[in-house]
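Have a look below at one chain only, the form predicted on its own, in structure tokens format.
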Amino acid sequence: MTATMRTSPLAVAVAGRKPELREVHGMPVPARFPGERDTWKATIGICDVSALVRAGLKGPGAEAWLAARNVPVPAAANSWTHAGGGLVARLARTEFLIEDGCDDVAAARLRAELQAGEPGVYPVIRQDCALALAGAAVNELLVQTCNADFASQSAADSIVTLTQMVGVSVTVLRDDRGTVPCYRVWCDGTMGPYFWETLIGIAEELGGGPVGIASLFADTAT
């Protein structure tokens, strides 16, 4: 692992479960948990993906700034699209979230460029706790934790939902892993430990639990 490490908002919360750690974009995150099996696909697995690098920006010039850098921009607010192994989400008419996959560097590059300053384009600091909720029972967890109607959405709808789960403000989108339903969720990093522990408790009641990033991302960097 590198000398200078980023730290997940969930580092302390997951430590007691003694996961196998792997470095992703300079952050140690659980690759697998002891005794982890693929049976979570039939129930629900909750994965810490906070290591994926994000860039946020907003302002009247944000869309043109991204387009000039060949970043695919969703046409409508509250929608998203894939970009390489990562994604681009349009959170409002002039606000965007870009997130890299395990092997991408686009968000990191954009974040560096934003520091130079650009009229009408303003960086948004992203210090997220980021989770992936995946498995056949994922909608049962969502029904218990959130009032938003996710059951009527499909991955093809490419909808971004800003709502609350267990009292925490979250951004949610559906991004299935093959045939396995999967929702990506971001919240403020300071709320991460509470959010994680609450969702893990519900997932375990449903027969699931925590899973490592290697279970959801075949291209997990080392």
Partner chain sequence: MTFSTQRPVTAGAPDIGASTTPAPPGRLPVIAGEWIDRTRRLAFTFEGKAFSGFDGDTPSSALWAAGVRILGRSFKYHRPRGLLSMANHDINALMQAGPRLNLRADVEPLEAALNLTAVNTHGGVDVDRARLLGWFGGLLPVGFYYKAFHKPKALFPFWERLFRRITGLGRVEFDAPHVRTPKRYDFADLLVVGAGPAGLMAALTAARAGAKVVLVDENARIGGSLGYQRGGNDDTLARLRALESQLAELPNVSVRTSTLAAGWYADHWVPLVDAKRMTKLRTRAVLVAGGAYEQPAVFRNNDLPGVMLASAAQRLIYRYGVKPMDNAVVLTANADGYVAALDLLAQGIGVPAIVDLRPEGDASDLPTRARQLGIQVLEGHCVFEAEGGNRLAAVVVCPTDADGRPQTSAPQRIACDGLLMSVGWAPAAPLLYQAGTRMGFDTTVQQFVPRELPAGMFAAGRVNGVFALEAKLLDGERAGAEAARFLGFAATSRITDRPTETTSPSHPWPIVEHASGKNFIDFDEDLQLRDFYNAAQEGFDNIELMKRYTTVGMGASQGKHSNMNAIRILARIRGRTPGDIGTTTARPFFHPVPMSHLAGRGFSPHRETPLHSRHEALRAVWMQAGIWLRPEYYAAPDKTRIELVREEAAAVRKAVGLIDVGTLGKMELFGPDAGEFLERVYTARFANLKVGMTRYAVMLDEAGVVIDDGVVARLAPEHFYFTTTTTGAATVYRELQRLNAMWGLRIGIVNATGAFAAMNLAGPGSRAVLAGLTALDLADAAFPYLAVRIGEVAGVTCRLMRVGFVGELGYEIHVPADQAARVWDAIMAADAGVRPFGVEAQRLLRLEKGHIIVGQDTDGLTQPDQAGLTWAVKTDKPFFVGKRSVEIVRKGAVRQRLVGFDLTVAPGGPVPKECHLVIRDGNIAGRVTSIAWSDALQRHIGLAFVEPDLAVDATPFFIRADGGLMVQAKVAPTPFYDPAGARQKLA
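Small disclaimer: the values here were computed from a predicted structure and weren't measured. Positions refer to the first chain, counted from 1.
Another form, the form predicted in complex with the partner chain, is not on view; read the next lines as being about it.
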Within 4.5 angstroms, counting heavy atoms, which one of the listed stretches 38-46, 174-182, 63-71, 190-198 is next to the partner chain in the predicted complex? 190-198
Taking V14, A106 and G135 together, does each of them reach the partner chain in the predicted complex with some heavy atom inside 4.5 Å? no
Non-hydrogen atom contact K58 with the partner chain in the predicted complex at 4.5 angstroms: yes
Any of the heavy atoms of D149 lying within 4.5 Å of the partner chain in the predicted complex? yes
Heavy atoms within 4.5 Å of the partner chain in the predicted complex: does P123 have any? yes
Does at least one non-hydrogen atom of I202 fall within 4.5 angstroms of the partner chain in the predicted complex? yes
